[in-house]
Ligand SMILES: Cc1cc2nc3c(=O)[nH]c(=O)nc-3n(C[C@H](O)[C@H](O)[C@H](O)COP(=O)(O)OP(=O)(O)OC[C@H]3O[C@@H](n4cnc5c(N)ncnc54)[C@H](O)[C@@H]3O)c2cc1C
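Have a look below at one chain only, the form predicted alone, in C-alpha cells format.
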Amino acid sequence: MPGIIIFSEDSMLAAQLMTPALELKQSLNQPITALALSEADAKALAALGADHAVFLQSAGKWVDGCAEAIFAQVNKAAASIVLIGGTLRGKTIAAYVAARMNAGMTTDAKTLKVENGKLLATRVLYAGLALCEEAVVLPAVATIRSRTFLAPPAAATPGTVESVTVETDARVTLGAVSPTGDTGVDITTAGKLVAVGRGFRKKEDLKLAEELAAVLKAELACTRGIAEDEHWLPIARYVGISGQTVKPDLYLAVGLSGQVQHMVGCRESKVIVAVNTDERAPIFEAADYGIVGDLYEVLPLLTAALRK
C-alpha cells in the first residue's frame, strides 16, 4: 500500500512536518512513515501520529550521506508523497530522492493538497509579492521550510518504532564542527522579537532596543542593513528573504521601513507592532498596531511603562 514519508534532520522541523502529513493522510487514506536519525526523534514522531517511525542507525555523521538510505525506505514504502524539511541539507537530500524516484519535486511549499492524482502546492514568489501554485503528478517530493506549520498535538495512540542499520555514503566524512562564535539563541524559535532597522543612528543606540527586549523577555532581530552593511548584529539575527523566517507571537519593528524583502521573513507573526517617524512607511500596512514617533522618545517610554 502506498504511503507518506517525512524526514528532517532538524527535530523541531520534523515535528512540524507531521501536520501536513496528517492532513494528506486524511485525503489519501495512506499511512505515515517518519524517518529519523535518532531513536528519541523516532519515538517523538510516533507519538505525534506517525503510523510507523524508523530510526536510521548509522555510524556516519554526514547527514547528506544518508540520502540513499532514505531513498531505500521511500522505495520500500512505495511512497506516493515524500515531505522533507527545507533546510540546506534537506533540499539536497530531497533532490537526490526525487531523482532516484523519477518523481517531480516542489520546494518551500506553504500549503499542500491532493487532487486528481496530483500534489498541489502553493509557494511564495518575488519576495512575497505573488503566490505560485504547482501541480506535481504523484509520486511527488516536497520540501517545507521551518515554522510553515505548527507541530500537531500528541496522538491518542502512538505508532510503532523500528531501528534499521543503514550504510552511509563514505566518499565524504564529517571531520569537525566549529561554532560560528554567535552565542545568541535561534530567533526562529523566539516567541517575542524586537527588530531594529536603520532608524537607529549608531550601534550604541541599540541599547534602547535591548532594554525593551529585556523587559518583554524578547530576543533582538534586525534588518539586512544592520547585519550585513553596518555589522551591528550577527547575520543569524537578520530577518528577511535571504535571512531568517520567523513566526513569533509578537514582532515589534522599530525604526525599519518594512520593505517587502524584510517583511517576507516576518509576515506571519501573530501580532506586528511598528514604531516609525514616517506615517507612510510600508511597515504600517502590515502592522496590527502602529506608533508614529521618534524611537528615541518612544522606546524609553515603552520600557518604563512595561516595568511598572
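Numbering starts at 1 and runs along the sequence shown. Fair warning: this is a prediction, and the values are worked out from it, not measured in the lab. Rigid core: the largest C-alpha set superposing within 1.5 Å between the two forms.
The following text describes the form predicted in complex with this ligand, which does not appear among the structures shown.
* Asked: Out of the stretches listed (219-227, 157-165, 100-108, 114-122), which one is close to this ligand in the predicted bound form, meaning heavy atoms within 4.5 Å?
  -> Single hit among the candidates: 219-227.
* **Contact assignment for this ligand in the predicted bound form, among Arg201, His231, Lys76, Lys207, heavy atom within 4.5 Å** => Checking each option against this ligand in the predicted bound form, the one that comes within 4.5 Å is Arg201.
* **Among the candidates Ser257, Thr33, Thr245, Gln30, the residue which, in the predicted bound form, approaches this ligand to within 4.5 Å (heavy atoms)** => Spelling it out, the residue with a heavy atom inside the cut-off is Ser257.
* Can Ser58 be called a contact residue for this ligand in the predicted bound form at 4.5 Å between heavy atoms? -> Ser58 lies outside the contact set for this ligand.
* Tell me, yes or no, whether Leu252 is in contact with this ligand in the predicted bound form, where a contact means a heavy atom of each within 4.5 Å. => Residue-level check for Leu252: no, no contact with this ligand.
* Asked: in the predicted bound form, does Val54 have a heavy atom within 4.5 Å of this ligand?
  -> Val54: no contact with this ligand in the predicted bound form.
* Asked: Any of the heavy atoms of Glu285 lying within 4.5 Å of this ligand in the predicted bound form?
  -> Glu285: no, not in contact with this ligand in the predicted bound form.
* Using heavy atoms only and a 4.5 Å cut-off, decide whether all three of Gly197, Gly240 and Asp294 touch this ligand in the predicted bound form. => Judged in the predicted bound form, Gly197, Gly240 and Asp294 all sit within 4.5 Å of this ligand.
* Quick one: name the residues from 272-308 with any non-hydrogen atom within 4.5 angstroms of this ligand in the predicted bound form. => Residues within 4.5 Å: Val275, Asn276, Thr277, Asp278, Ala281, Gly293, Asp294, Leu295, Tyr296.
* Quick one: core overlaid, is Asp229 moving 2 Å or more at the Cα between the shown form and the other one? -> Where the cores coincide, Asp229 still shows a C-alpha shift between the shown form and the other one that is 2 Å or more.
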